[in-house]
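This document starts with two versions of one protein chain, written out as structure tokens and named structure 1 and structure 2.
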Structure 1
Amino acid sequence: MKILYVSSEITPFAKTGGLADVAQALPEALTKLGHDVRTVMPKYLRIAEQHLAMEPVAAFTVQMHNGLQGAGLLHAKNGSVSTYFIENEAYFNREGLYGQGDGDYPDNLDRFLFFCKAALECCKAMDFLPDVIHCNDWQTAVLPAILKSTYGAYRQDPFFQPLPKLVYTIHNISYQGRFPEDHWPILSLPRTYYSHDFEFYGQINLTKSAIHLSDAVTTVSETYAREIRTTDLGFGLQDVLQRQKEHLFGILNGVDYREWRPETDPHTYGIHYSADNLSGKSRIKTRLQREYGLPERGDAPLIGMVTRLVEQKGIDLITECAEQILELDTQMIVLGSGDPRYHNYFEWLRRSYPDRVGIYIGYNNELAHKIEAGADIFLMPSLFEPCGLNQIYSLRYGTLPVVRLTGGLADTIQDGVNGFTFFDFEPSFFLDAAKRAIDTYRSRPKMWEQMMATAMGQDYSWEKSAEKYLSVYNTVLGKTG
């Protein structure tokens, strides 16, 4: 099968969150299963700075509402997957992927419309007619409309015959790509598309159009596939999704265990460990404590967090409870970036508890690995969590997660088996779960060891999930298996 996988971020080239990891690992897994998968993403400034061995493939123009814009197409291998980069200085040679500081770039609609159009043009440049085009999140959500209108319905482009099938994955429905109605001319689509597919409370909504116009919609866990059909977590699109529920599939993300395994992790001070020999884990903990100026105590539970510091991640529960958790003679290392009010909070927490708290505000992949490996307990009390990757990484590192039962967290963590859970988004419930973790770590070492062994033995490799995506692709292609 020929698959074009379109994503605005792909590990290791550009990453703001889990989408990038998925966009690297799923295509790799599908390739291993014998399929011809090509991935395409924008060439951002940071990628240019990586000085990758990229080979220029083609140059073409893309029709935008304000004239023809040039696009360069470059290629590099990512593992065994061919990755294509769309180049345009004006749109992508910027510091951020989607914005800078607090705000989104004001021309994001133009930028990602250009990206989607160029992704389709690049099929022609590669002479690659996909069976399936797989889009991800709002940045690629306009592609189905472009394919169906510009290349399908009214132009019948001879290259795109038969028209590829469209699969759209929702990684996070709280980001929908909404723009004011007066931006509509930018899309250069027939007005009927606005009223049928894009219009949402008087605005353009890219995600709504992708849900309408794709042949199948997937999301990244079974629980989230149910949750987004409810008023609580549908962010307004619950009715649209409910109407399409026959075409909505929940498929749990996997993990790329070449990247995330304590036996070979290149980022953990050169120290490794496994379920059979855990001694390295405590040595990594000591090194991490030293690096963050914390007392090198084996007996104090070290609590880790690696997260975007945004409301979704339940940071409000942390700000409510962190001091009480620290009063239990624990240590905490937090890596994250996002909302400045949370940055200020963690800076304050470190000043208040200098011998208990280490923080790193920013993005740091190496430290993410060190925390997964060196911490004893991992906190993820998300308000909502489509899948969540960090709790699954934590399992493999024997770092038991404390999670709120929502989305993929509910599908991967069982209380007292491989982690600690709570449901009500209330400080007292979160605190109770965190206390149970701390208490188990301190007072019930046998149970802790058993839980670590269970966690480390679990397998969330991509293969199973890739098979499920294939079955969705086969369904939309009208094949049975």
Structure 2
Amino acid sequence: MKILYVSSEITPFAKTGGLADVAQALPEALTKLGHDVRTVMPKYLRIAEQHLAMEPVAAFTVQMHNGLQGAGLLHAKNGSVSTYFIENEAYFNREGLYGQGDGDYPDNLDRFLFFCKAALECCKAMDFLPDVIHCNDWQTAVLPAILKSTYGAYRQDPFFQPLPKLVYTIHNISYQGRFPEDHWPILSLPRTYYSHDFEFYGQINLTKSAIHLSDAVTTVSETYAREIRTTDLGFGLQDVLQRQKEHLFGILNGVDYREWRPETDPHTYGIHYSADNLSGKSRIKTRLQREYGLPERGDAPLIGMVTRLVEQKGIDLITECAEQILELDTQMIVLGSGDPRYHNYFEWLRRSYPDRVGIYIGYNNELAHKIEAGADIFLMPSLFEPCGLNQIYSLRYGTLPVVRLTGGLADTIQDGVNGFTFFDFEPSFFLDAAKRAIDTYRSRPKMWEQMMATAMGQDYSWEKSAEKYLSVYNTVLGKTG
């Protein structure tokens, strides 16, 4: 099968979130299963600054509303996958991917419309007619409309015959690509598309159009697929998704166990462990306690957090309950960044409990691995969580998660089996789950060991997820075998 995977960010070239990791790992897993997968993304300034060995492929023009715009196509390998970069200095030679500071670039509609059109034109440059084009999030959401109108209507372009099938993945539906209606001329699409596919409370909504015009829509866990079509976690698009429910699939993201593996992790002080020999875990905990000036105590549960410090991640529950949790003779190490008010809170918490709290404001991949390996309990009480990866990392490291039953957290964590759960987004319910985890660690060691063994034995590898995506591709292609 020939697959074009279109994403606005791909690890390791450019990343702002989990989308980039998926856009690297899923194409690689599909390639290993024997399929011809090409990934395509913009060539941002930060990519140019990496001085990668890139092969020029072609130069072409893209018809935009204000005339022809030039595009360059370059190629590099990303593991076993061929990655193609769309070059245009005016659109992509900027410090940020989507904006700077707290604001988006005002011409983002132009920028990612250009990217979508160029992604289709690059198929011609590569002489690559995909069976499936897989689009991701709002930055690629206009591509289905372009393909079906510009290339498909009245068989205008013989290269795209038959038209590739379209799969659209929602990684986080709270980001939809909404723009004022008066931007409609930028898209150069027939007005009928606006009223039927794009219009959303008087605005252009790119994600709505992709839901309407794709052959299948996927999202990153089964529970999240249900939540976004039946609750207000659809952020206004729940009715649209409910009407398309037969074409909506929830597929849990996988994780890369080459990177997240306690037996070989290069970031854990040179200390390793496994489900058969856990002695290294306590040694990593001791080193982590020492690094953050905490008493080196095995009997005190070490609670870890690696998160964006934003409302979505349930940080308000943490701030309500952190002192009560610490008063249960526990320790806590928090790694993250986000809203300054949360930065201020955790800095205050560290000053108030210097022998119990360690804080790192920012991002530190090595520390993230140390926390996953050295902590006993991992907190992840998200308001909503499309998939979540840290709870899956925690399972492999035997660090039992405390999570709210939403999205991928509900699909991966079972209370009393491999972690501790609660549902109502209320401090008292979160605190009860945390207390149960702490009590089990202290008072029921046999149960704790059994839960660790269960957690460490679970497999959320990308190979399983890739097989499910292939099933969706075969469904839209009309293949049943």
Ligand code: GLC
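Quick note, the numbers are simply positions in structure 1, starting from 1. Quick caveat, the model's predicted, so the values are computed rather than measured.
- Form assignment for the chain places structure 2 as the one matching the criterion, namely the form predicted alone.
- Rigid-part assignment between structure 1 and structure 2: Phe235 and Lys15 end up in one part.
- Treated as two rigid bodies, the chain between structure 1 and structure 2 differs by a rotation of the smaller body against the larger of 10 degrees.
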